[in-house]
Ligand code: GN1
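Single chain ahead, by itself, as structure tokens, in the form predicted alone.
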Amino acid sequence: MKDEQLDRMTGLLFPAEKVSEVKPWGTGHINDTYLVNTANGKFILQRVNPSVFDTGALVHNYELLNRSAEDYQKMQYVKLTPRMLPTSAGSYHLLDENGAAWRKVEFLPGSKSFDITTDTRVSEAAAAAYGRFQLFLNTLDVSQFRETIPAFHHPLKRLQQFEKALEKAEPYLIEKAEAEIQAVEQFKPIVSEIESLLNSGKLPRRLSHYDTKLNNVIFHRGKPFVIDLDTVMPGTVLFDFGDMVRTFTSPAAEDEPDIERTVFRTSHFEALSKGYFGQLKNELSEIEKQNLLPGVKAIIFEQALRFLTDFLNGNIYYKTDYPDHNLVRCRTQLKLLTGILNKEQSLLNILQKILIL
């Protein structure tokens, strides 16, 4: 980021405030995030990556989302997410000369997030925050919102991309990934199952967060708040639930080389299910309730496909630290998926119990 561009956008977004310091903040790899110190307090300044998001769709969505959120939170006496602060012109983003969107966000000092947790109370609280956020999203007209990343969650498309990559991959890469490629062949029916459901016309189309990782909930003074709303778009809660299961239930990092450390923890599955559906179960349709696990399996398999596809393509999408990084990531997803399949009936029993209470 050129300093002059950062200085200019800081001046435009903080026109009446004395700025004493601007420094990089957080560990995100997509957007550029800064902590801004001013005479009136601290704020987050963020540049949205235009090579990842459809900037026009994102700006459009936020205008609807933020204005509705302000009203909803006042009426319900709740706080769901840190406030995005409007510009002097009343909009929520400013565009720079390169077409990137910049914004100013409330800073909650002392907040923390978790990539992994051993505490089921954290899993339950984070999932409950997503459930409360979904209750708000359910009040909005999904048809008014656009896709900020087209076909973001699309298992069939990801499978097709994998097959194309496999056709063109170097032989030594195929040999290295032989076990993972065989596993993909075994798990292909997961895509057929979810594709049939998505095409049935019976599944409600809902506005969804669509990136419900554990670390997209921050805890401030013990209370959880949902962040990273760039992916809010039309979708299905099945995939939001699936991404929670994917990122809450393993005690190992997504790129843990020791595959034995990747295990599926039923206790965290039960905790997050209690948190999420404790808020949301009365608003779900029967077909959603009956197909929660197919959504889980589809999302985890989709992510395994994405990592394996990138490995076969020569690591051109995800940032990698070593040649087999994406292959390691793929293995953890396949291991987690296998753990879920091995416990499928007990997980269905847990969901049934939570949903009928």
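These numbers come from a predicted model, not from an experiment. One rule holds for the numbers: they count along the sequence shown, beginning at 1. In this text, rigid core is short for the largest set of C-alphas that superpose within 1.5 Å between two forms.
Unshown form predicted in complex with the ligand; subsequent notes refer to it.
Although the partner is absent here, Gly314 sits far enough away that none of its heavy atoms falls within 4.5 Å of the ligand in the predicted bound form. The shortest heavy atom separation between Lys297 and the ligand in the predicted bound form exceeds 4.5 Å.
Taking non-hydrogen atoms only, Thr332 never approaches the ligand to within 4.5 angstroms in the predicted bound form. In the predicted bound form, none of the heavy atoms of Lys157 sits within 4.5 Å of a heavy atom of the ligand.
Note on the interface: of 241-249, 173-181, 110-118, 273-281, the segment with non-hydrogen atoms within 4.5 angstroms of the ligand in the predicted bound form is 241-249. Taken together, the three residues Trp25, Pro50 and Trp102 lack any non-hydrogen atom within 4.5 angstroms of the ligand in the predicted bound form. Just one of Glu163, Glu147, Glu193, Glu254 comes within 4.5 Å of the ligand in the predicted bound form, counting any heavy atom, and that one is Glu254. Exactly one listed residue, out of His220, Lys213, Arg265, Arg83, brings a non-hydrogen atom to within 4.5 Å of the ligand in the predicted bound form: Lys213. Looking at 284-320, the residues that come within 4.5 Å of the ligand in the predicted bound form, counting any heavy atom, are Gln303, Arg306, Phe307, Tyr317, Tyr318. With a cut-off of 2 Å and the rigid core superposed, Gln290 has a Cα displacement that falls short of the cut-off between this form and the one not shown.
If you fit the rigid core between this form and the one not shown, you'll see the Cα of Arg47 move by 2 angstroms or more. After superposing the rigid core, the C-alpha of Arg103 moves by 2 Å or more between this form and the one not shown.
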